Ligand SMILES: O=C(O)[C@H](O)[C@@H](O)[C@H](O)[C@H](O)COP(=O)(O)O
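The data below hold one chain only, encoded as structure tokens and taken in the form predicted on its own.
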Amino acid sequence: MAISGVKNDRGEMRILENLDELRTDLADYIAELSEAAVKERGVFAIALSGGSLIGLMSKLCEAPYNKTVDWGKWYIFWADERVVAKSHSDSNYKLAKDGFLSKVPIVPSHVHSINDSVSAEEATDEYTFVIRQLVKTRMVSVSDISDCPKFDLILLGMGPDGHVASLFPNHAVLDEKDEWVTFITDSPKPPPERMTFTLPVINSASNVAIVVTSESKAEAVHLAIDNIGPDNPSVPARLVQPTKGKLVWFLDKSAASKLDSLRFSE
């Protein structure tokens, strides 16, 4: 069994022996946050990302979670989306629908995906409006230190370059301070047009989880978590620092292999 629950100023690290243990630990974590939010607020507002994340949530579709989670209280959002048709293989919505949403009884009207029939700019404006309306009705909470929405949980993956959502290294979007949701048309990885939550929204969440697997991302994990000094490149994931919320990293041993002073318990 790998170590779990190690904390530093970059959040809590849960380092799991293998992918099966990670899937189980992630399902427990999400189910517990869902239960707490529903008990406190009556709803659970969660934002998803794409990539391998949806597959790593698969245990939620199985017993006991598929029966014990109060799915009718879930409101689903996307922390980032590719501006493609919802039927396109690059769509984060399609990935989530096929791998997760179609397997649990979430209310269809609670699933808030982007409009795939308009431009990236229009889709972003519409998505911002939808979130603002839900903040007004408190389906989504509001930060008590800014006007940003306060999602109960934002789930993020991370790329080998350290990007999270569609916040890529050295991109101007990292400096966006005013908008909740923004768009890019020059993504360094295809497709080029994307919508993304901004750092102020991500850092206003009650809980943020960054889920990373594979040795190909170990260097980015090191740069995102360890005290690397000013001469090393900063990666976008390092800018994820919830103001009042909690940050948890879910890592398999391969992804965690370059962390400083890592010690696995026997």
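Residue positions are given as counts along the sequence shown, with the first one as 1. Bear in mind that the values here come from a model prediction, so they are computed numbers and not experimental data.
Same protein, other form: the form predicted together with the named molecule, not shown, and the subject of what follows.
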Residue-level question: is residue 204 within 4.5 Å of the named molecule in the predicted complex, judged on heavy atoms? no
Check whether residue 181 has any heavy atom within 4.5 Å of a heavy atom of the named molecule in the predicted complex, and answer yes or no. no
Is it the case that residue 163, even though its partner is missing from this view, gets within 4.5 Å of the named molecule in the predicted complex, heavy atoms only? yes
Going by a heavy atom distance of 4.5 Å, is residue 52 a contact of the named molecule in the predicted complex? yes
Candidate stretches 170 to 178, 76 to 84, 134 to 142, 109 to 117 - the one whose heavy atoms come within 4.5 Å of the named molecule in the predicted complex: 76 to 84
Please state whether all three residues 14, 220 and 257 have a non-hydrogen atom within 4.5 angstroms of the named molecule in the predicted complex. no
Can you name the residues of 179 to 199 that have a heavy atom within 4.5 Å of the named molecule in the predicted complex? 189, 194
